[in-house]
Ligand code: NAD
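Single chain ahead, by itself, as structure tokens, in the form predicted on its own.
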Amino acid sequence: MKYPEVKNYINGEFVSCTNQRIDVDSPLTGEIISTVPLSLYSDVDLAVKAALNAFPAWSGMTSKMRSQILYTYRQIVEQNVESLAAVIHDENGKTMDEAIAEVRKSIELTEFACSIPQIAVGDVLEVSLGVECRSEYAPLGVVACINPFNFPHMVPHWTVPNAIALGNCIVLKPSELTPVTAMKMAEMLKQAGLPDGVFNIVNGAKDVVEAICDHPDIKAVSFVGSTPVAQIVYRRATSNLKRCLALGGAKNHLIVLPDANLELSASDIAASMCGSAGQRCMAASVMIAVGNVNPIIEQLCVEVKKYIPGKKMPPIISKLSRQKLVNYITEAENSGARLLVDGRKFSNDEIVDANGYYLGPTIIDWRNSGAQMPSEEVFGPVFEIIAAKSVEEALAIQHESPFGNAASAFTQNGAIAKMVAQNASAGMIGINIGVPVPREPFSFGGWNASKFGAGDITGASSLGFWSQLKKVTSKWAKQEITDWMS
């Protein structure tokens, strides 16, 4: 195997599990590159105990001291961008360019966490004669994050740096499909000087997720994954009186008008639907064509064919996921939809391993099909086209979607762009942008069935989730002049 067997990371050490192990295979070739344990409640309990032991000393540090460790960590990641990207490439399948971009985003997220001493400063005010009130951010204790396969390095950096910068200790559960990257993260945090027990990893599947939701000493849980599982995690965690922020899936709608810039629109939509093989919750999923936008669609078909599987576009994460996508495309075709580009048909070359889980970009045109596009998330390089007679109708269609991660308008008309931005039912809006992910310090988070819980998972909005406000009111001497409070 290319990588050593994956182990849990508890109290600063990699710990072997005697539990059942499953294979970790590379979607590039189908080859087994490692194995990962299917941990149990007892393993989660060990990690929580280590975190509880570490919490008093870690939370007792000043935020400046904690941020200095994170800044050292940020430097270590910066020095190892390509080696980290190579691991992501192997276990997730991303192109090296995509993997490098992911690590770069992790660095940006860590930089935000390093700035928390300047952001989470609390308030102080003399509220009455001789009486002072102050507030400060206090950590929760032991928290946990449950992460997906599609961004094995970036998504943990949505949560871990901010949570520990605020004084919490954390248990991370990586995807069992991409667990090797998390081990590298643990090694670099240890190298940066993070005290043992502050950061822990427990690998596994459903049993670990349930244990995290149920463990009485875990105070908050973040989750990123599909909407059905996000709902289950949110209900189970909150039923155990924990805070929970669970991000689910999406089917992002792009409202495209005839006046949109042809080259910009086609290239941006192609990049959005094909990047990471469409396996991201911010990918372009549906075009709502308002009027005649056929020239843009024709150019889009040209652009997506540049994303050759194995060269510019990575494989699908697993054989099962690829088959689900193939089934979806086949069912759409059988329903009467027209395949403008059929990703099931592409020619292998020397770059593509025949055993890899590859699928080409696919564009499904539902217009004039007599059938209705399914509302489910597809999660692959599949882009669908429907029609609307007006922007108002397009917005009504977008509102019918159960999801609400992103929505975009492609137009040169500022009034229409503003109308979409104000009225689309989504947490992140793009204007001539196919992947409208906010940059720090702006936060990431959707609406509707794309998110369960209050607040967002990154940026300034996340600080309230990973902390609690402590309010102190003080008076030191009797005042000669008093009011009702003093």
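On a predicted model such as this, the values are computed, not experimentally measured, just so you know. Numbers follow the displayed sequence, beginning with 1.
In what follows, reference is made to the form predicted together with the named molecule, a form of this protein that is not presented.
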| query | finding |
| --- | --- |
| Segment assignment from 40-48, 443-451, 25-33, 54-62: heavy atom within 4.5 Å of the named molecule in the predicted bound form | 443-451 |
| Check all three, P315, Y357 and G380, heavy atom within 4.5 Å of the named molecule in the predicted bound form | no |
| Partner contact for S265 in the predicted bound form: the named molecule, 4.5 angstroms, heavy atom | no |
| Contact test in the predicted bound form: W158 vs the named molecule, heavy atoms, 4.5 Å | yes |
| K206: touches the named molecule in the predicted bound form, heavy atom cutoff 4.5 angstroms | yes |
| 4.5 angstroms heavy atom contact with the named molecule in the predicted bound form for G310 | no |
| The named molecule: the contacting residue among E102, E176, E303, D365 in the predicted bound form [heavy atom, 4.5 Å] | E176 |
| Heavy atom within 4.5 Å of the named molecule in the predicted bound form - the one residue of C281, I116, A237, I255 that qualifies | C281 |
| Heavy atom contacts to the named molecule in the predicted bound form at 4.5 Å, residues of 205-231 in sequence order | A205, K206, V209, F223, V224, G225, S226, V229 |
